[in-house]
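The form predicted on its own is given below as one chain in structure tokens.
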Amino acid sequence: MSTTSTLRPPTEHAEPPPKRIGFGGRLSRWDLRLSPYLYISPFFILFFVTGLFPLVYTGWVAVHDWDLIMGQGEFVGAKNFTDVLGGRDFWNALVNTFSIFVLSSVPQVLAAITIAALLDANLRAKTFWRMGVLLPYVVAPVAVALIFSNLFADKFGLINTLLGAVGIDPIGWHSQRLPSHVAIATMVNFRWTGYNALIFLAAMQAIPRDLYEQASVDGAGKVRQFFSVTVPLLRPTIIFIVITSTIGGLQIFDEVRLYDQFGRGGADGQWQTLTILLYEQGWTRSNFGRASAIAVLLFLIIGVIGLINYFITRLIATSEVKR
């Protein structure tokens, strides 16, 4: 009896057919891919509507003859810019803006770091002192302006009275240029120094205490620890404060407008800033084209000064680290 056997060829392991992804699976994939963008989209939508679009539209208005009542006029190109740059008011306001900005920002940052260092020490009633430095920030700008405009009044102000008591002649806080800048800068420093001090304090408390212990073992005193440990590690916070102070300082409006009852920056423009000039062109003279040109120039100035501040702060902080 013979048996026949049939040899079957070796079968290859064929790839299983791809599973068909149903609608639910595709929806799950889209969810994973698109959800992060959807979560952050409200910010960018709001930024486009309230930030980017007004910026672009301001540039559009700046190259047109635009009246408050008549609306859009003919295209004028760079005429509004040349008119603004060719006038005395713009350069006077630019000098005033930079003067008030320097007088307010530099002392403000230095005082905020010093106060933060004091609050970071072992003090009794820490919460009381930390909340106390924030009180000026919650005071309304109108109230601050009214209080300080009376303190710095030319004839009957408390400051001139105290100066007269020690034999110093009264200072024209409203009639003279530099004294008016000092008075306005004092208002700004009063409101914002405590706020910035709390930001510096939060950054200081994030510094590892081991670094101070090691510095103390190496013989470094408190001052040496502050400049060699604290300040270099505060670099990102310093950059943030400097840039935000630059943006806010160059756009100062409330304190300047409320410094006297007229709100025009002084009889001869002693403390008229770019924002006050912009407001005057747009809402007093109804020339929106020229006001928009001032806004565009102010935007460019803030961008340039912000970049300069950023690079200078990084350079100083890097040199401190290398030491």
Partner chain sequence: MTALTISLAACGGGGDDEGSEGNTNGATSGDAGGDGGGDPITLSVATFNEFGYEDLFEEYESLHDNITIEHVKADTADNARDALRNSLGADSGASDIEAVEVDWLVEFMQYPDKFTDLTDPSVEGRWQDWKSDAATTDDGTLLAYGTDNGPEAICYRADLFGEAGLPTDRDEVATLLEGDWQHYFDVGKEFVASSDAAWFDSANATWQGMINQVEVAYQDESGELIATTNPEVKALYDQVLTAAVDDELSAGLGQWSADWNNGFQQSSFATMLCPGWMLGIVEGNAAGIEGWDVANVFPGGAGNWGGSYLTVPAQGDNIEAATALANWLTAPEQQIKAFEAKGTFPSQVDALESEELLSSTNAFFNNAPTGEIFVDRAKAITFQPYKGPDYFSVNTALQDALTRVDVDGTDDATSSWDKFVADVEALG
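Computed from a predicted structure; not experimentally measured. Numbering follows the first chain given and starts at 1.
The same protein also exists as the form predicted in complex with its partner chain; that form is not shown, yet it is the one meant from here on.
S.K.: Would you point out which of 39-47, 53-61, 282-290, 24-32 contains residues with a non-hydrogen atom within 4.5 Å of its partner chain in the predicted complex?
M.R.: Comparing against its partner chain in the predicted complex, the contact stretch is 282-290.
S.K.: Taking heavy atoms and a 4.5 Å cut-off, does N150 contact its partner chain in the predicted complex?
M.R.: Contact check for N150: yes, within 4.5 Å of its partner chain in the predicted complex.
S.K.: Should R191 be counted as a contact of its partner chain in the predicted complex, where contact means heavy atoms within 4.5 Å?
M.R.: R191 lies outside the contact set for its partner chain.
S.K.: Given that the partner is absent here, does S216 sit within 4.5 Å of its partner chain in the predicted complex, heavy atoms only?
M.R.: No, S216 sits far enough from its partner chain in the predicted complex that none of its heavy atoms falls within 4.5 Å.
S.K.: With the partner left out of view, is R88 within 4.5 angstroms of its partner chain in the predicted complex by any non-hydrogen atom?
M.R.: Yes.
S.K.: Of 57-91, which residues get within 4.5 Å of its partner chain in the predicted complex if you count heavy atoms?
M.R.: Contacts from 57-91: D67, L68, I69, M70, R88.
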